[in-house]
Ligand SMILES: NC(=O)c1ccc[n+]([C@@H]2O[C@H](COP(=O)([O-])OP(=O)(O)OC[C@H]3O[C@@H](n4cnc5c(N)ncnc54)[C@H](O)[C@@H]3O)[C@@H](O)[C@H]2O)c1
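Here's a solo chain for you in structure tokens, the form predicted alone.
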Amino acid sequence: MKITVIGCGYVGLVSGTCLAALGHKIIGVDVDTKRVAGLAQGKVPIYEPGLSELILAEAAAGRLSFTTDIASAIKESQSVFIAVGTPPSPKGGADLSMLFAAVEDVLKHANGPKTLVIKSTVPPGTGEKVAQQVAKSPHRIEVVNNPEFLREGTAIQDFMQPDRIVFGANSNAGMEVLREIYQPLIDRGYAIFSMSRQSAELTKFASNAMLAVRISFINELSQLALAIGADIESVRVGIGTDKRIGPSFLKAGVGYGGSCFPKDVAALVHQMQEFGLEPHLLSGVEKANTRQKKAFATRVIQSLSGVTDPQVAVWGLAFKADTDDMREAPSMEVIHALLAAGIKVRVYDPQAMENARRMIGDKVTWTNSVDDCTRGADAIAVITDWSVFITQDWPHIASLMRGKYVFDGRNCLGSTKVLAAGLIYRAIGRPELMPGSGKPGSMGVVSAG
């Protein structure tokens, strides 16, 4: 099938490239001429493992191309995926202006029947508004919803080997087109769930909100664990092995970020309030996440209260490992708090330096390696759990530092190795460990740290 994908951002690029890998002919459309020119040369504007190689392969096979000519792309295609951004609105909720503008482009250039697939994350009820928008077209345009469940860092695997694929359509015709598009994955046995557009839209928001709830739940418990001397890692294993609960997204940390969880939770809160429903639980999730980031920064600041000209090495800027995405990254709030306390900050991230630099400019010292970032530091603050941080030579790291504090914001480091290097280990929801102190009360299982 010939398919146009409007929007060559993260979701559009991954989805379009993977659809090409399924055998479809894909035209990626974007208004950014520099981005399109770069993609035509195989230059990917985002960091996603394996994406650049797959784009080059599909382009070479003639199944993937990029253009700014939206008119020709729409006319050539049977289906049009809309994968534009839906950022937070100043008034709350989601800003759908780019989505509706893309729909208008489809209406303007449609030369026959089309299926309009909304891939962007949109509030429940948006598909109905789009259906009303396209009703004025002289051509039959089916409006369907196909939410994405891509995790940054494993997006290609998530698309090609999905837990499930959700089809949202209010007509048999729309549902059949989605089945045709995804037939290669259906033939491989991956689960398909068909439902109404409204249900599909809410499924996407509910999925992200549930994960945010689980993260905030374990993070809130981590603060209690720290207060009473418990170890949240032991608690995590203790509750996560209950089959009714499971271990996923129960890892305590400095707080969640990214383009999905903060935005989608806020959008759900806003929509519930519009319907006169008080979002008690979801409002608490937002507050818990904000408190977690602030609490981490406060612990670092307090540990350096008596240090002259204090300096902190921040390891990791991206909101998670294996991405360069800085949207809602917890590192930003931590860094701003450190700077406000008069602490000098040195930073390093394997992929996100350029994106982060655009956000905070010259307020911090930018470095090119872990060693350079750490040199002269009174404390290390691990914000992103990149593998390069986890596998460091800790005696060497200790030799570079002026102080001895290591703050593990992801509970990802081997505390025994940190302690053996003569450093003080402070993690999320775990008792402080001093060199030679051991790990009192540790569980008899293999777990982080």
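Note that the structure is a prediction, hence the values are computed from the model and not measured. Don't overthink the numbering: it's just position in the shown sequence, from 1.
There is another form of the same protein, the form predicted in complex with the ligand; it is not shown, and what comes next is about it.
A.B. asks: Which pick from 216, 259, 115, 311 sits with a heavy atom within 4.5 Å of the ligand in the model of the complex?
C.D. replies: If I apply the 4.5 Å criterion carefully, the residue I get is 259.
A.B. asks: Ok, 152, 201, 378, 231: which has a heavy atom sitting within 4.5 Å of the ligand in the model of the complex?
C.D. replies: None of the others qualify; the residue that does is 152.
A.B. asks: Can you check whether residue 86 is within 4.5 Å of the ligand in the model of the complex, heavy atom basis?
C.D. replies: Yes - in the model of the complex, heavy atoms of residue 86 and the ligand come within 4.5 Å of each other.
A.B. asks: Is residue 32 near the ligand? Define near as a heavy atom within 4.5 Å, in the model of the complex.
C.D. replies: Residue 32 belongs to the contact set for the ligand.
A.B. asks: Can you work out whether residue 360 and the ligand are in contact in the model of the complex, taking contact to mean some heavy atom pair no more than 4.5 Å apart?
C.D. replies: The answer is no: residue 360 has no heavy atom within 4.5 Å of the ligand.
A.B. asks: Can you tell me whether residue 148 touches the ligand? I mean in the model of the complex, with a 4.5 angstroms heavy atom cut-off.
C.D. replies: Residue-level check for residue 148: yes, a contact with the ligand.
A.B. asks: Thinking of the ligand in the model of the complex, which stretch from 343-351, 136-144, 217-225, 119-127 has heavy atoms inside 4.5 Å of it?
C.D. replies: One stretch meets the cut-off, namely 119-127.
A.B. asks: Give, in sequence order, every residue of 6-29 that has a heavy atom within 4.5 Å of the ligand in the model of the complex, or say none if there are no such residues.
C.D. replies: The stretch 6-29, when checked against the ligand in the model of the complex, contributes 6, 7, 8, 9, 10, 11, 12, 29 at the 4.5 Å heavy-atom cut-off.
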